[in-house]
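Shown next as C-alpha coordinates: one chain only, the form predicted on its own.
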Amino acid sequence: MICVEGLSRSHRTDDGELRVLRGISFSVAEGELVALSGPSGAGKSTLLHILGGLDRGYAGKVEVFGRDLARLGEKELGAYRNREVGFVFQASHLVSGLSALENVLLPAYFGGAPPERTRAMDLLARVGLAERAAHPPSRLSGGEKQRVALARALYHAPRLLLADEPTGALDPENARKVIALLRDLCRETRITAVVASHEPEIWRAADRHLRLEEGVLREIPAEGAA
(Lines give C-alpha, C1' and ligand atoms only; values in the text may rest on other atoms or scores of the structure.)
Protein backbone atom coordinates (compact mmCIF):
# COMPACT_ATOMS: atom_id res chain seq x y z
CA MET A 1 0.00 0.00 0.00
CA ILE A 2 2.61 2.54 1.18
CA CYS A 3 6.34 1.84 1.01
CA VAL A 4 8.80 4.55 2.04
CA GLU A 5 12.54 3.96 1.82
CA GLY A 6 15.31 6.35 2.85
CA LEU A 7 13.06 9.41 2.80
CA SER A 8 14.85 12.68 3.54
CA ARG A 9 13.56 16.25 3.38
CA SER A 10 15.30 19.51 4.15
CA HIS A 11 14.10 23.11 4.22
CA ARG A 12 16.20 26.21 3.74
CA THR A 13 15.96 28.72 6.60
CA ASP A 14 17.72 31.97 7.49
CA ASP A 15 20.04 29.91 9.68
CA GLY A 16 20.88 27.43 6.94
CA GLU A 17 19.50 24.07 5.93
CA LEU A 18 17.09 22.36 8.32
CA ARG A 19 16.88 18.58 7.97
CA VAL A 20 13.28 17.63 8.74
CA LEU A 21 13.29 13.95 7.73
CA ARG A 22 16.48 11.91 7.99
CA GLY A 23 16.34 8.82 5.81
CA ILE A 24 13.20 7.29 7.30
CA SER A 25 11.71 4.00 6.08
CA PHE A 26 8.37 2.38 6.84
CA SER A 27 5.42 0.64 5.22
CA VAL A 28 1.66 0.74 5.73
CA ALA A 29 -0.74 -2.03 4.74
CA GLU A 30 -4.17 -1.60 3.18
CA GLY A 31 -6.88 -0.85 5.74
CA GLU A 32 -4.48 0.17 8.51
CA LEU A 33 -5.07 3.15 10.76
CA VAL A 34 -1.62 4.53 11.58
CA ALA A 35 -1.10 7.22 14.20
CA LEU A 36 1.81 9.60 13.70
CA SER A 37 3.03 11.51 16.74
CA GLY A 38 5.95 13.76 17.60
CA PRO A 39 6.69 17.24 18.91
CA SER A 40 5.76 20.33 16.94
CA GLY A 41 8.18 20.82 14.06
CA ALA A 42 9.17 17.14 13.99
CA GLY A 43 8.09 16.74 10.36
CA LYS A 44 4.64 15.17 10.70
CA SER A 45 2.94 17.60 8.34
CA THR A 46 5.84 17.39 5.91
CA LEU A 47 5.50 13.61 5.79
CA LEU A 48 1.75 13.82 5.17
CA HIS A 49 2.29 16.35 2.38
CA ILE A 50 4.81 14.05 0.72
CA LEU A 51 2.47 11.04 0.96
CA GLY A 52 -0.33 13.17 -0.49
CA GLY A 53 1.70 14.35 -3.46
CA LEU A 54 1.81 17.95 -2.25
CA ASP A 55 5.57 18.07 -1.67
CA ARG A 56 8.06 16.77 -4.25
CA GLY A 57 11.28 18.24 -2.89
CA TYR A 58 12.48 15.10 -1.16
CA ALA A 59 15.13 12.42 -1.58
CA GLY A 60 14.40 8.72 -1.28
CA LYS A 61 11.58 6.52 -2.50
CA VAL A 62 7.88 7.00 -1.79
CA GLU A 63 5.69 4.35 -3.37
CA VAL A 64 1.91 4.41 -2.95
CA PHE A 65 -0.46 1.94 -4.63
CA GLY A 66 2.55 0.47 -6.42
CA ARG A 67 3.57 3.78 -8.00
CA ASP A 68 6.67 5.81 -7.28
CA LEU A 69 5.32 9.32 -6.66
CA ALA A 70 8.54 10.93 -7.87
CA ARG A 71 8.04 9.37 -11.30
CA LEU A 72 4.51 10.72 -11.80
CA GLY A 73 4.02 13.68 -14.14
CA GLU A 74 2.07 16.71 -12.98
CA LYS A 75 -1.15 15.48 -14.59
CA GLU A 76 -0.79 12.01 -13.08
CA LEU A 77 0.06 13.48 -9.69
CA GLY A 78 -2.99 15.76 -9.85
CA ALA A 79 -5.21 12.78 -10.60
CA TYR A 80 -3.64 10.89 -7.69
CA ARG A 81 -4.36 13.76 -5.28
CA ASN A 82 -7.89 14.36 -6.53
CA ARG A 83 -9.11 10.78 -6.88
CA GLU A 84 -7.15 8.59 -4.53
CA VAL A 85 -6.27 10.76 -1.54
CA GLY A 86 -8.54 12.45 0.98
CA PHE A 87 -7.19 15.23 3.21
CA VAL A 88 -8.48 16.33 6.62
CA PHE A 89 -6.80 19.15 8.53
CA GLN A 90 -7.12 20.63 12.02
CA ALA A 91 -9.12 23.54 10.61
CA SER A 92 -12.15 22.22 8.74
CA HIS A 93 -11.76 24.76 5.88
CA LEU A 94 -15.48 24.72 5.09
CA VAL A 95 -16.82 27.40 2.74
CA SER A 96 -18.95 29.72 4.85
CA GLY A 97 -21.49 30.56 2.13
CA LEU A 98 -22.34 26.92 1.42
CA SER A 99 -24.43 24.40 3.30
CA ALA A 100 -22.93 21.27 4.84
CA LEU A 101 -24.19 19.26 1.86
CA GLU A 102 -22.71 21.70 -0.65
CA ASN A 103 -19.37 21.58 1.18
CA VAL A 104 -19.31 17.80 0.88
CA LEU A 105 -20.01 18.18 -2.86
CA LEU A 106 -17.09 20.56 -3.45
CA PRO A 107 -14.76 17.85 -4.81
CA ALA A 108 -17.28 17.18 -7.59
CA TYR A 109 -17.45 20.85 -8.56
CA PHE A 110 -13.65 21.21 -8.60
CA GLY A 111 -13.25 17.96 -10.49
CA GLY A 112 -15.79 18.90 -13.14
CA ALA A 113 -18.01 15.88 -12.44
CA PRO A 114 -21.79 15.97 -11.95
CA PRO A 115 -22.48 16.26 -8.20
CA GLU A 116 -23.88 13.12 -6.61
CA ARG A 117 -26.19 14.50 -3.94
CA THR A 118 -27.31 11.06 -2.85
CA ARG A 119 -23.73 10.03 -2.15
CA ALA A 120 -23.06 13.27 -0.27
CA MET A 121 -26.17 12.74 1.86
CA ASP A 122 -25.13 9.15 2.56
CA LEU A 123 -21.75 10.40 3.76
CA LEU A 124 -23.35 13.01 6.00
CA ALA A 125 -25.53 10.26 7.44
CA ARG A 126 -22.40 8.15 7.96
CA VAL A 127 -20.87 10.89 10.10
CA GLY A 128 -24.16 11.48 11.92
CA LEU A 129 -25.08 14.79 10.32
CA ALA A 130 -27.85 14.05 7.82
CA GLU A 131 -30.22 16.34 9.68
CA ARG A 132 -27.71 19.20 9.43
CA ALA A 133 -27.25 18.98 5.64
CA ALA A 134 -28.86 22.37 4.93
CA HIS A 135 -27.02 24.23 7.68
CA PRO A 136 -24.11 26.57 6.89
CA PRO A 137 -20.87 26.24 8.89
CA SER A 138 -21.91 29.14 11.12
CA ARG A 139 -24.67 26.93 12.53
CA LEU A 140 -22.42 23.93 13.17
CA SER A 141 -20.31 23.16 16.23
CA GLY A 142 -16.59 22.57 15.91
CA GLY A 143 -17.07 18.83 16.02
CA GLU A 144 -19.80 18.97 13.40
CA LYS A 145 -17.61 21.05 11.08
CA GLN A 146 -14.82 18.51 11.37
CA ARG A 147 -17.19 15.65 10.59
CA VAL A 148 -18.42 17.52 7.50
CA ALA A 149 -14.78 17.93 6.47
CA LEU A 150 -14.30 14.19 6.92
CA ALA A 151 -17.36 13.46 4.76
CA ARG A 152 -15.99 15.81 2.09
CA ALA A 153 -12.62 14.03 2.16
CA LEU A 154 -14.42 10.72 1.57
CA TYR A 155 -16.62 11.95 -1.29
CA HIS A 156 -14.41 10.53 -4.06
CA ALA A 157 -13.97 7.24 -2.17
CA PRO A 158 -10.21 7.70 -1.71
CA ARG A 159 -7.99 4.74 -0.98
CA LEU A 160 -5.78 6.81 1.33
CA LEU A 161 -6.90 9.28 4.00
CA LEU A 162 -4.37 11.72 5.44
CA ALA A 163 -5.38 13.66 8.55
CA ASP A 164 -3.30 16.38 10.20
CA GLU A 165 -4.35 17.01 13.82
CA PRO A 166 -8.05 16.36 13.01
CA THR A 167 -9.12 16.58 16.67
CA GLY A 168 -6.76 19.35 17.77
CA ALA A 169 -9.49 22.00 18.02
CA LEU A 170 -12.21 19.73 19.42
CA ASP A 171 -13.51 19.10 22.91
CA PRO A 172 -12.96 15.57 24.31
CA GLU A 173 -16.43 14.27 23.40
CA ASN A 174 -16.27 15.39 19.78
CA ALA A 175 -12.67 14.21 19.53
CA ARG A 176 -13.78 10.73 20.59
CA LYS A 177 -16.51 10.74 17.91
CA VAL A 178 -14.05 11.65 15.15
CA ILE A 179 -11.54 9.04 16.36
CA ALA A 180 -14.24 6.36 16.40
CA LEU A 181 -15.29 7.34 12.87
CA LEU A 182 -11.74 7.05 11.58
CA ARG A 183 -11.28 3.65 13.22
CA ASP A 184 -14.59 2.32 11.92
CA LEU A 185 -13.95 3.59 8.39
CA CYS A 186 -10.65 1.72 8.19
CA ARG A 187 -12.21 -1.48 9.47
CA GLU A 188 -15.37 -1.36 7.36
CA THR A 189 -14.20 0.16 4.05
CA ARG A 190 -10.51 -0.89 4.03
CA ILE A 191 -9.46 2.70 3.52
CA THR A 192 -5.92 3.32 4.75
CA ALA A 193 -5.43 6.27 7.10
CA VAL A 194 -2.35 8.05 8.41
CA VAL A 195 -3.28 10.47 11.20
CA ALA A 196 -0.84 12.96 12.71
CA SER A 197 -1.93 13.77 16.23
CA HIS A 198 -0.85 14.70 19.76
CA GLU A 199 -3.97 12.90 21.06
CA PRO A 200 -3.18 9.70 23.03
CA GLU A 201 -6.65 8.34 22.33
CA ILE A 202 -5.84 8.24 18.61
CA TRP A 203 -2.60 6.40 19.38
CA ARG A 204 -4.57 3.79 21.32
CA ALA A 205 -7.24 3.44 18.63
CA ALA A 206 -4.71 3.02 15.83
CA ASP A 207 -3.38 -0.27 14.52
CA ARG A 208 0.13 1.15 14.76
CA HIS A 209 1.79 4.18 16.34
CA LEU A 210 4.78 5.78 14.63
CA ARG A 211 6.71 8.61 16.27
CA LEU A 212 8.87 11.25 14.61
CA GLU A 213 11.59 12.95 16.64
CA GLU A 214 14.48 14.98 15.24
CA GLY A 215 13.79 13.60 11.78
CA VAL A 216 13.97 9.95 12.87
CA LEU A 217 10.98 7.60 12.80
CA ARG A 218 10.41 4.78 15.27
CA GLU A 219 7.48 2.51 16.02
CA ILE A 220 5.91 2.60 19.48
CA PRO A 221 4.73 -0.79 20.78
CA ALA A 222 1.00 -0.95 21.45
CA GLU A 223 1.45 -1.20 25.21
CA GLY A 224 3.56 1.96 25.19
CA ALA A 225 1.27 4.09 23.04
CA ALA A 226 -0.11 6.09 25.94
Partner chain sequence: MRPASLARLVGLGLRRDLRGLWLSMAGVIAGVSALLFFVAAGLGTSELLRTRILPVDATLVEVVPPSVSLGIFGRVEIDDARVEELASLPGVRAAYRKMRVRVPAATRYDGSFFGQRLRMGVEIVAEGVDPGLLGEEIPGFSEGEGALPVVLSPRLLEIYNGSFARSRGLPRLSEKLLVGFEFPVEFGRSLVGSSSAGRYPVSARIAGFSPQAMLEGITLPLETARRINARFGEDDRTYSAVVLRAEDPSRVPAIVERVRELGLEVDESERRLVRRVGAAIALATSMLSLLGLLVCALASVNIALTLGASVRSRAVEFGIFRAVGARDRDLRALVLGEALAVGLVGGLLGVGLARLAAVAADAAVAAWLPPFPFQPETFFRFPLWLHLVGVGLGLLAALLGAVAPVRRVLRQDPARILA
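Keep in mind it's a predicted model, so treat the numbers as computed, not measured. Throughout, rigid core stands for the largest set of C-alpha atoms superposing within 1.5 Å between the two forms. Positions refer to the first chain, counted from 1.
The protein also exists as the form predicted together with the partner chain; that form is not presented, and the subsequent description refers to it.
Practice item. Counting non-hydrogen atoms within 4.5 angstroms of the partner chain in the model of the complex, say which of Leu72, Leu140, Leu106, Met121 makes the cut. Key: Only one option qualifies, and that one is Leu106.
Practice item. Please check if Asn174 has a heavy atom lying within 4.5 Å of any heavy atom of the partner chain in the model of the complex. Key: No.
Check your understanding: Quick one: is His49 in contact with the partner chain in the model of the complex, heavy atoms, 4.5 Å cut-off?
Key -> Yes, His49 is a contact residue.
**Study point:** Close approach of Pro136 to the partner chain in the model of the complex, 4.5 Å, heavy atom
**Key:** Contact check for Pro136: no, nothing within 4.5 Å of the partner chain in the model of the complex.
Check your understanding: With the cut-off set at 4.5 Å between non-hydrogen atoms, does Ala130 touch the partner chain in the model of the complex?
Key -> So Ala130 does not count as contacting the partner chain.
Check your understanding: Which of 49-57, 197-205, 184-192, 34-42 has heavy atoms within 4.5 Å of the partner chain in the model of the complex?
Key -> It is 49-57 that comes within 4.5 Å of the partner.
Review point. Hey, with the partner chain in the model of the complex, do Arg81, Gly97 and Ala113 all fall inside the 4.5 Å heavy atom range?
Key: Checked in the model of the complex: all three residues contact the partner chain.
Point to revise | Any residue of 137-154 that, in the model of the complex, places a heavy atom within 4.5 Å of the partner chain | key: Counting only heavy atoms within 4.5 Å of the partner chain in the model of the complex, the single contacting residue of 137-154 is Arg152.
Check your understanding: Comparing between the shown form and the other one on the rigid core: C-alpha of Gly142 shifted by 2 Å or more?
Key -> No; that C-alpha moves by less than 2 Å between the shown form and the other one.
Practice item. Look at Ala125 and decide if its Cα position differs by 2 Å or more between the shown form and the other one after superposing on the rigid core. Key: Result for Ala125: no, shift under 2 Å.
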